[in-house]
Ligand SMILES: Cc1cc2nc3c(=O)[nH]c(=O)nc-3n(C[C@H](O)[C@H](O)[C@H](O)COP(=O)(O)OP(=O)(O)OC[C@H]3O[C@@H](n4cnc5c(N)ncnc54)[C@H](O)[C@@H]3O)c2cc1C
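Next up: a single chain in structure tokens, the form predicted alone.
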């Protein structure tokens, strides 16, 4: 923490300082100007302009837009049953969430987009609209929305974030890129926040005064393996979102004396751990294909045995499964070194990674080949003329892998998966060389750990009082602390950003 008494020079001043240019930061800026067109709003972004947007830019671009406060609270309370959030925070989010739909439609119109709704009773949905229909009040999930500007396309990659970005550009919001917030400027006794310290593109520290307050909307820490290991008990995992999410906000909040929460593995990773593929040299990973056209493949655990019904579409539950009556993460993060083993029919059928989301697919320079042949050539996919040879190349016991493949092929011919119940129509034999292997790692979509915030999006201190003039929005202290309903994160970014904006507009300037 930088003390206000130590500041000899303020390099800039704004009414409202927003850290982060994802949907949470954009929603805060847009709504602040809507509430007071005369506000001087400064948005600070860690990344260069062409890499800005955080996880919002590379997510699935969906929104949960409920219409009933009581049912929204009831449904979310059940999703959060293993790690309840403060009631004031829950109610504030729900009350704001039910007001989002007309506002989102206005954002869409201004940006040249359309709000597209996928209804819960859609006969051919692209995704599972209501992920947990077993819960009371789940009927509050009537549809999932997204923003599209492409004819006949439901999901436009980066579409929702792009619409918000355009609306920010249409307003008198000052934007500075390559400008990460390093610390807050506070009073050491009261904790009151007077501004931020920023590292400029030239590497200098700049002190920026915030007359009304600061909003931290910088996302989580999924790109800091040390924090993932310490807080969530994870190792050998890879990030799927922005490489800028290295826990800056968490560290700033800790120094500011905030009350932190939502840091266990089960709670902070509500969005799930998805099968992912790391290309050497790339800062983040690709999400593995989620809609299969070919079925001559299996997943194997560290002991080279199968461990799951590979045909289940776990994306429909954000990679949670119900075992013994309890929802939990699938086995992928618990079975050690995992490989996907497949043949040429699967390799040629489709790209083995997803194009609609993740940093590697949408922003990074690497482009995965359509038939996966480039990945065979560069060694990301390991190939061999026999299963035994393949096992040796990937460091497996040849006999163990051969036995697993032989058992799988025997069940294919019998038409029954006696181990995991994979449907016969989705079991094709693995008996024609060449054979291939692809290392699969648990992929982290985002983290939700951060500071407790109250119904005004104010950050709460360890004393239980708000930290004066400090607010947060988005994933940095998420409402999602257990199971996750599709579209929840981006809607939360909007809701908490809008609440923070109104709170700050009503705050008295300190200078």
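Quick caveat, the model's predicted, so the values are computed rather than measured. Residue numbers count along the first chain shown, from 1.
Just so it is clear, the following notes concern the form predicted together with the named molecule, a form of the same protein that is not shown.
Heavy atoms within 4.5 Å of the named molecule in the model of the complex map, among the stretches 463-471, 439-447, 29-37, 66-74, onto 439-447 alone. Not one of 157, 284 and 361 comes within 4.5 Å of the named molecule in the model of the complex, counting any heavy atom. Using a 4.5 angstroms threshold between heavy atoms, residue 248 counts as touching the named molecule in the model of the complex. In the model of the complex, the named molecule sits within 4.5 Å of a heavy atom of residue 244.
For the chain shown alone, residue 44 is a contact residue for the named molecule in the model of the complex, at least one non-hydrogen atom being within 4.5 angstroms. Proximity of residue 272 to the named molecule in the model of the complex: non-hydrogen atoms within 4.5 Å are absent; the residue sits far from the partner.
Scanning 479-511 for heavy atoms within 4.5 Å of the named molecule in the model of the complex gives 484, 486, 487, 488, 489, 490, 493 in sequence order.
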